[in-house]
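Next up: a single chain in structure tokens, the form predicted alone.
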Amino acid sequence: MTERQTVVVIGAGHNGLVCATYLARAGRKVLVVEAAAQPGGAAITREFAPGYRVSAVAHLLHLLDPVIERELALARHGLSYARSSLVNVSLSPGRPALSLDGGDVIAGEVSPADRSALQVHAARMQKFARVIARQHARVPPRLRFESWHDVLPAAAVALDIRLLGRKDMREFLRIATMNIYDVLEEQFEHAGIKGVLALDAVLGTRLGPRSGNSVYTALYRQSGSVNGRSGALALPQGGMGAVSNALVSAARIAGVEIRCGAQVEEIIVREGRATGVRLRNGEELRADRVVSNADPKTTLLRLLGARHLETEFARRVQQLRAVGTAAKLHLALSGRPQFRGLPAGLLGERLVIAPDLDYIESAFNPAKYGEFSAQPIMEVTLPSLHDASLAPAGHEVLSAVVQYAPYDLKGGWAAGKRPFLAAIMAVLEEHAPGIGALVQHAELLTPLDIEQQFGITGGHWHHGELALDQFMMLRPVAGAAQYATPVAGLYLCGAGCHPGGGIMGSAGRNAARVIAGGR
């Protein structure tokens, strides 16, 4: 047996690092064990071709809790931004690029009615998103009240909604469970506006614009802020790995020990309590508390084992929806691509290939039946235009989130990856003629690759679908929504917990508060 540790945290992803740092600051002795060779989980910057570096999975920062950023002094630990507010640019063949910055149209032909409607829509959605944002830093209320302490969190949620005012409260309650297709059709004529706004409702989810709950996912995505600006999208200097590096530095300053190359094989349970972990090499690490940053299915079904859980609870975990449909594309380019109808000054912005609502819905349809999209939707960035450290001089890196790529692809990804990459390149070629000739190397990460390389069940970067039935007091499942699991001494702190995925850190901070408070 090794020296007794007060807390062992499984996984050095951003939530695990945040949780460990707050626990260390609260006086706990904390050891973080990470299977990979470097900390950061899916939020790392890595070389994918000689001289070309890219953010591995996540590539834009928009949900990082500003309280965490301030309390952990991440700027002092090296976090800075190559670009702190990207503009959305809608690309469509045969139509000049449409550029949107929040509620303002920067470029493109848009009617006065749609310009006015966009400002109204953006202001209302930001107001509603702030209701979601206020829940991020709170431990979710319990489904069953056992004392007056359990009533207060639920009352706070109700008060947040009531403070919207009667008119906005009614509108919030009306649209919160709706599909984004109907909401956008009510308000806009311009197909490009609807396409950009709908993309944010489905990105990273197993939803199409006509799917119920897609308004909520749009609000969730807008609930973050960068430099005080709600819904802003940022590129960290040095890629997403810079966020993880800053968190690692803050953790070590707080006294956290981080061991990489230490894969957990089993959570040890004795007399009904988690007492430590066993590593793949056979080493056992004792602990008063075990905290897992891994996804709920990995933690509870594989590392812990269903034998330690009640049948009904284990069934809930097994039924948790966590099947990814988003792939990640990295291109090493020998030069700067040119996109049709796109002014050169907009090339470094967030380029959206989702021309209209029906295009997105048509891209989604094959995924329902286990097939990839022949004409996928994409969120495209060229981060090297803002950060020269990512590519050799005169060269560029393209990073894109591509949907839809179902984890459970018919025929398997061994046979499907090459034709899917060809389909992606055909769409890019349509928008940027000649881009194929610039490609020095291409890396496509399917959800299966994400699962295998980063240990995320189903390759779902949120560790579980964002949905109202997997939200707040139901996330990941009833009985584990306040970060404590039914097994004494075992806690969750990852993206599968409230408030969810994205590089946010709130789940880690909330879990630390629960553990430090003895709950």
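Numbers for residues come from their place in the sequence shown, where the first is 1. Predicted, not measured: the structure shown is a model, and the values here were computed from it.
Absent from the display: the form predicted together with a small molecule. The rest refers to it.
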| field | Touches the small molecule in the model of the complex: residue 214 (any heavy atom, 4.5 Å) | value | no
| query | Hey, in the model of the complex, is residue 34 touching the small molecule, heavy atoms inside 4.5 Å? | reply | yes
| query | Does any heavy atom of residue 58 come within 4.5 Å of a heavy atom of the small molecule in the model of the complex? | reply | yes
| With the partner left out of view, is residue 456 within 4.5 angstroms of the small molecule in the model of the complex by any non-hydrogen atom? | yes
| query | Is every one of 180, 199 and 352 within 4.5 Å of the small molecule in the model of the complex, counting heavy atoms? | reply | no
| request: Answer with one of 264, 304, 74, 317: the residue that has a non-hydrogen atom within 4.5 Å of the small molecule in the model of the complex. | output: 264
| query | Which listed residue (68, 450, 466, 481) meets the criterion of a heavy atom within 4.5 Å of the small molecule in the model of the complex? | reply | 450
| message | Taking 4.5 angstroms as the heavy atom distance cut-off, pick the stretch from 38-46, 23-31, 481-489, 466-474 that is near the small molecule in the model of the complex. | response | 38-46
